[in-house]
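Before any questions on binding or motion, here is one chain by itself as structure tokens, the form predicted alone.
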Amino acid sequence: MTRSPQYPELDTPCAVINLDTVDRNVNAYQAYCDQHGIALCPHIKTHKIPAFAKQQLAAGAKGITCQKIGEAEVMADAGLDDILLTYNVLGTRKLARLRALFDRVKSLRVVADNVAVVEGLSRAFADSDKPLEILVECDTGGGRCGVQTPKAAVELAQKIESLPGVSFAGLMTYPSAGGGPKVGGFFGDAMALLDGLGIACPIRSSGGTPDMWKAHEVAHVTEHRIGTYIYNDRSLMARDVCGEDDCALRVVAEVVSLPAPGRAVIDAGSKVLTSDLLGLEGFGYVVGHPEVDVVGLSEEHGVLHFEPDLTPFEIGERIEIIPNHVCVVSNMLDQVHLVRGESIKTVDVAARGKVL
């Protein structure tokens, strides 16, 4: 007899989000930031849903973080008007979109890590009634964008202050996991140099979910940007940042084949679970089945392995998988399903696919 499927009214593969867990995650981290006097600026890339961004703001967040102009435009269309855009903006078309966005929201801040970006921003905002605030992005060990030294950060701040239409608002970084001491050292050195020049540095923004419960230990930081905490995922479980019950988003998949002992095939492949490993083995955690590994993904197939003498599944059975990296899963889906008790509501992932 086939076991009763989970969420029989939904087609698989799909993502279901437990709203009670979302509430708990949002409120718990907001309380932590409030306790330690840290401004929370959550990153919407994890959910890409305006209603969740509004929930985060209602809980006490200062504003939202977006990575691309397209994401910010979607959020502004939904009435969100305090936005930090953490990506270098280049090119005439993008700068025109940025200016149009700036003119219709209450607050828009951006980042920059080089003179070319700063000069482009200045040209786009030279005739603005109010300056565009720019945070200098600093590489404190993450190895992505960012000026490489405190001296370079100060030099770029001076450049910003010398140009029309823009103003220096502070420092920003996205550190590697465990990189708090490097952030504090970099920011402290830069602030000392800025102070010597009489340049204020009101915002010192850091981020990252892996060290979310240690944010208060990082010297000089006034703001923390964080995304994954609203859902959590397997990578955070592996770091002991959260538990299984804190993972709000699950991918629901169906067992479509049992082709050989010790192997099952599900209808969730790389188009849903994504190929992100984040240093882990396998492509997700099968809820209730720690003995099962998600060993391979093609576009539409997921392959599960277990001991050949086990029979954990039947064809047609539905399972839940906690993905390795939940942010990418959100961007793979047009819609997700919000669950509270017996109620299920389907909503659009409004900002998915916004790569520009």
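Predicted, not measured: the structure shown is a model, and the values here were computed from it. All residue numbers are counted from 1 along the displayed sequence.
The discussion below concerns the form predicted in complex with another copy of the chain, not included here.
- You can rule out all but one of 191-199, 135-143, 122-130, 210-218: in the model of the complex, only 135-143 has residues with a heavy atom within 4.5 Å of another copy of the chain.
- Mapping the unseen interface onto this chain, A177 falls outside it, with no heavy atom inside 4.5 Å of another copy of the chain in the model of the complex.
- Remark: S107 does not count among the residues lining another copy of the chain in the model of the complex, judged by a heavy atom distance of 4.5 Å or less.
- In the model of the complex, K54 stays away from another copy of the chain, with no heavy atom inside 4.5 Å.
- In the model of the complex, another copy of the chain sits within 4.5 Å of a heavy atom of T12.
- Only one of the listed residues (K159, R97, K182, R225) places a non-hydrogen atom within 4.5 angstroms of another copy of the chain in the model of the complex, and that residue is R97.
- Contact with another copy of the chain in the model of the complex, judged by any heavy atom within 4.5 Å, is made by just one of L80, V255, M237, L85: V255.
- Against another copy of the chain in the model of the complex, the set R263, E299 and V355 is in full contact: each member has a heavy atom within 4.5 Å.
- Residue K45 is the only member of 28-47 with a non-hydrogen atom no more than 4.5 angstroms from another copy of the chain in the model of the complex.
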